[in-house]
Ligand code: NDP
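The chain that follows stands alone, in the form predicted alone, written as structure tokens.
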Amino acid sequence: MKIPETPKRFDLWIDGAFTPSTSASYMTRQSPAHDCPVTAIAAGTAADVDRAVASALQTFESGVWANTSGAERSAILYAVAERLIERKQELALLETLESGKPLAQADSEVEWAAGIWKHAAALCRHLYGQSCNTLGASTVSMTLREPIGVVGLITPWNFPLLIASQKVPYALAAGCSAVIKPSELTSATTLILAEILKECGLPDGVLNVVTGYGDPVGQALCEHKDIEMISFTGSTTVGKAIAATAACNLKKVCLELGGKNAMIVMDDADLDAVVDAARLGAFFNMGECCNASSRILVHEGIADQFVERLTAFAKELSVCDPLDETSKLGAIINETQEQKILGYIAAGQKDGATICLGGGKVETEKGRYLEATILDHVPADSATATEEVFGPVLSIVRIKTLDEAISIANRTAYGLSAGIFTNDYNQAMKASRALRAGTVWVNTWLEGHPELSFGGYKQSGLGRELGSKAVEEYTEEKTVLFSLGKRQPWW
């Protein structure tokens, strides 16, 4: 895999074709790993959003997609899954160049994305209403699930193709038309996804892609009168702003936001399993992951042994050029994020935490790389232990009891995921019921399947993605009542 000599240029995708933005300008994306331009992405405008929404609305109202059968939709979505695999190398390389993540990881993510499209393809044929036959001899009713309309999808930079694949296929499976705005930092694979959908038979205008900055593109999507729903993945701060904007015209919102996920390690846990899971959970995707195990609440009886083993294991991680097949940690997305991460490390030290590993930059000729960092003796209520760092920083908090661990785990504004490692069935059940999080792992971490719903409690979001009811998020439920025989007079 090689760095391109010239950046690959992309226009907007509107009405089934690449289309220049009305701004006539492009955003050049520098590789965070190589400090060179890799893509040039059209800088969209509010006028471009209007064009894209108009195209989506026309196709929705025409019924060209909304009135197709589940079988027809399923065939197209399944074909997309197969096409993603065929173009896996191209997609993975673009993700690596724009995001800085290891190429081997990006390669796997394309496969995960394809699996999600297959799941959505199956759900196309399993979207049901209900009937009610207990309303008396003269009345029978049913409910219908209908596509909500034109939806706006806004995706982040950390898993561009994967998170687009948690939204787009389910919206399409429901029969919606859509406009998607990917992050301005990682737009390329979403644009290729749109091209693949056309190749696989999706009618023009059903999916449109408007690239650009949050202001104006994201703002225009959230405010647009013809958008019936916004599905957003990103920070809690931005999610709150989107919810406030959507309230002005009562759009439905589905929000997958931040997390500060606690991994509880009890003194009877299998240390080999925990150390491996902790390393994955904390440092996968450079910690730029909403489900990261960024804080570990470890029982004081095994804490010293655990920290020693985890530190030794984490030292083996290769932090280097993401195009290197040995790379486990690639580059940090941009300088702003790098400084934020370093700020949390400094704050942790100021609060009394001890650096067991890392703590600074990896000196390289090009790119932004941070060391895998482990902080021990982190105060449970410190910023480093309660706020989302979104970097390769693991905070270790020592606990005495499971009750204490559950209390600390729940004492944040977030509730995305959590987990416990223990060989005690009673402790595992107690924690899984008491932890206020949308996903609770027992003796594992970061394990996920399209069949399982995903979303958060509290300020980690609203609604759910994936799972058997994912398509229902993009529908309205309609009640239809039939009166049988002669109608009884009102008076």
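Quantities reported herein were computed from a predicted structural model and do not represent experimental measurements. Quick note: we count residues from 1 along the sequence shown, nothing fancier.
Although not depicted, the form predicted in complex with the named molecule is the subject of the following passage.
A.B. asks: Under a 4.5 angstroms heavy atom criterion, identify the one residue in Q219, Q349, Q130, S407 near the named molecule in the predicted bound form.
C.D. replies: None of the others qualify; the residue that does is Q219.
A.B. asks: Find the only residue in G281, G258, P147, P392 having a heavy atom within 4.5 Å of the named molecule in the predicted bound form.
C.D. replies: Comparing distances to the named molecule in the predicted bound form, the residue within 4.5 Å is G258.
A.B. asks: Flag W112 as yes or no: does it have a non-hydrogen atom within 4.5 angstroms of any non-hydrogen atom of the named molecule in the predicted bound form?
C.D. replies: Result no; W112 lies far from the named molecule in the predicted bound form.
A.B. asks: Any chance F454 has a heavy atom within 4.5 Å of the named molecule in the predicted bound form?
C.D. replies: Yes - in the predicted bound form, heavy atoms of F454 and the named molecule come within 4.5 Å of each other.
A.B. asks: Quick check on G205: any heavy atom within 4.5 Å of the named molecule in the predicted bound form?
C.D. replies: Flag for G205 set to no.
A.B. asks: Using a 4.5 Å heavy atom cut-off, state whether G367 contacts the named molecule in the predicted bound form.
C.D. replies: Taking the distances in the predicted bound form, the answer for G367 is no, it never comes within 4.5 Å of the named molecule.
A.B. asks: Please determine, with the chain shown alone, which of 208-216, 131-139, 246-254, 102-110 has non-hydrogen atoms within 4.5 Å of the named molecule in the predicted bound form.
C.D. replies: Single hit among the candidates: 208-216.
A.B. asks: Check each residue of 285-307 against the named molecule in the predicted bound form and list those with a heavy atom within 4.5 Å, in sequence order.
C.D. replies: Residue within 4.5 Å: C290 only.
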